[in-house]
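Okay, so here's just one chain, in C-alpha cells, the form predicted on its own.
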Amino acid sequence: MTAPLPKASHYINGAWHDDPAGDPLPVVFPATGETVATLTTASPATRDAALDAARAALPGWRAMTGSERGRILRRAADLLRDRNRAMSELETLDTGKPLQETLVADAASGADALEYFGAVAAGLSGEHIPLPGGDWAYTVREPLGVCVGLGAWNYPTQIACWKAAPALACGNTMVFKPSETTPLCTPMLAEILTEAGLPPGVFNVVQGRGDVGAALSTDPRVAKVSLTGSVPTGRKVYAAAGERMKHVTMELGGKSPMIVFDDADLDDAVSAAINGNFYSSGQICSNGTRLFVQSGLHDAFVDRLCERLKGAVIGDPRNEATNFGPMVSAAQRDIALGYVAKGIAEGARLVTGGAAIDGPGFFMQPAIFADVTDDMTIAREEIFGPVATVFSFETEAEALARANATAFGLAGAVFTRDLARAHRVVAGLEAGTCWINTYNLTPVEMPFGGVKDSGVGRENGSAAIEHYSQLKSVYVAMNGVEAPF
C-alpha cells in the first residue's frame, strides 16, 4: 500500500496547516497496533482560524449560483473516484477495515454524495404562493451559515461527504472534525475539494478529541452542528447546541431488529444477518444485531449462519482476500469482549466465536449468541462489535412488540415472502430507516436517520436539504394598505 499520508494535521482556508501548539495525536493501524503517523490536535488558535476562514468564505460561496456550486461538487466526485484506490488504502490504514470493503463502500459512496448533491444544488428554489385580491408571497431557500461536522471513526470519508455535500450545495461553509481515532482521510478530501475549485475557507478540517468538538459546537460563529456518534455524546452536543438555538442533525446509535418469518428465504436472511452484524467487524450504527427469527425457522437459521461464518477470511486487511478485519482499537475490542462475557454470565448460549485472536492487532472472532432473552445486557445495549444475538418468536404481534421495546430507533428490517405482512410490520416498526428482504443498503438518494434515542434529522436524499437550509417568506402587497385609524 502506497497511499500518501496527509501533508499536515489540519486543512484551513484552502491550505495545509500545522499546529505546534496542539497535543500529539497518534494514528494506530488496527491490524498491527503500530503507530503509522502522528498528527496534532487543534489549539484554540487553530480552531479560531478555521471558524474565521469559514465565516469569511460564506458571503462569496452563498452568492454563487446553485449550478456553480454543483459543478465544483461534481468535479470533486470525479476526482474522488479517480483516487478511489489511494483513498481506500488510506481508509484501511486508518480504520482497519478490509481493503475488499473500503474499495467499494467508503470513498465510492462519498463520491456518490458529492455527485448527487452537486446535481441537487442547481434546482434549489422556493415557491410562489397566490393570495386573495391579487397579493402574493414567495419563499426563498437560504443557507444556515457556518456548519460544524463531527465525524465517527467507522466511515470517515463517507460521513464527511454525507455532511459536507448537502451543506455546501445549500451555500453553507463547514468546519469538520474527524474522529481522533481515524484522522487521515478527511483532510485529503479537503484537498480534493480545493483541487475541484472549491474557494478557500468553504471546507476546513481540524483534528482533535472531544474538547475540540465541544468548543466548535458551542462557538457563536456556528449556525448548525451535525454529529455522527454515540447516544451519550449526542445528548451532550444536542443539549449544548439547543441552549444556543443552533440547528442540529444527530445520527446516533442503534440496537436494530431484523425480524425473520418462517416463510423468508433462508439464504437471503442469513446473508443480510452477516452484512448487518459482521461487515466492518460489526462497527456500524444501523446494524441489525437483534435477530428475531420465527420458531419454525430458528434452528435452521442459526445453523446456516454458523456455517456461513466459516467463510470469514480473517487477516491483514491490506490483502484483498481478507473479508473480516480487526476492530478499530484495543479499547473497542475490549468493550465487545466484555459484552461476550456478560452474555455468557447472564445465561445466553454462545454458539460460536467471541474470543480475542492471538497475535498483533485488535482482532476477535465473530460471535453468535442464541437463547437470548430481552432483558439480557447483550439484548439491550449497543455493542458496536461483531456480536449477533438470536431470539425466537411465535407471532407477528409478539415480534413487533419486542422489536420496539428499546430506547433506540435507528433501523429495522423484515424478511418474508408475504409482502402485505412486510409492509404491515415495517409500518409498525419504531425506526427511521427500514428494509424489506435486505439490510444496510444506504443509497444517497434515500434519507437516512433515526427516531427516539437514535437521533434527530436526516442525512441524504432531498430531506437533507431541509436540514442545511432555511426558508424566508416574503409577502408582496399589490394593493393599498388599510388601517383602523
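The model shown is predicted, which means the values in this text are computed figures rather than measured ones. Residue numbers run from 1 along the displayed sequence.
Not pictured, yet referred to below: the form predicted together with a small molecule.
- Judged against the small molecule in the predicted bound form with a 4.5 angstroms heavy atom cut-off, the residues D374, N404 and V451 are out of contact without exception.
- Interface residue remark: W153 is counted as part of the site for the small molecule in the predicted bound form, having a heavy atom within 4.5 Å.
- Although the partner is absent here, R308 is not a contact residue: none of its heavy atoms lies within 4.5 angstroms of the small molecule in the predicted bound form.
- Although the partner is absent here, G229 is a contact residue: one of its heavy atoms lies within 4.5 angstroms of the small molecule in the predicted bound form.
- Contact between L252 and the small molecule in the predicted bound form is found at the 4.5 Å heavy atom cutoff.
- Taking a 4.5 Å heavy atom cutoff to the small molecule in the predicted bound form, the contact residue among M364, C285, V146, L189 is C285.
- For the candidate set L73, L410, A113, L184, a heavy atom within 4.5 Å of the small molecule in the predicted bound form is found for exactly one residue, namely L410.
- Residues of just one listed stretch (232 to 240, 390 to 398, 294 to 302, 80 to 88) have heavy atoms within 4.5 Å of the small molecule in the predicted bound form: 232 to 240.
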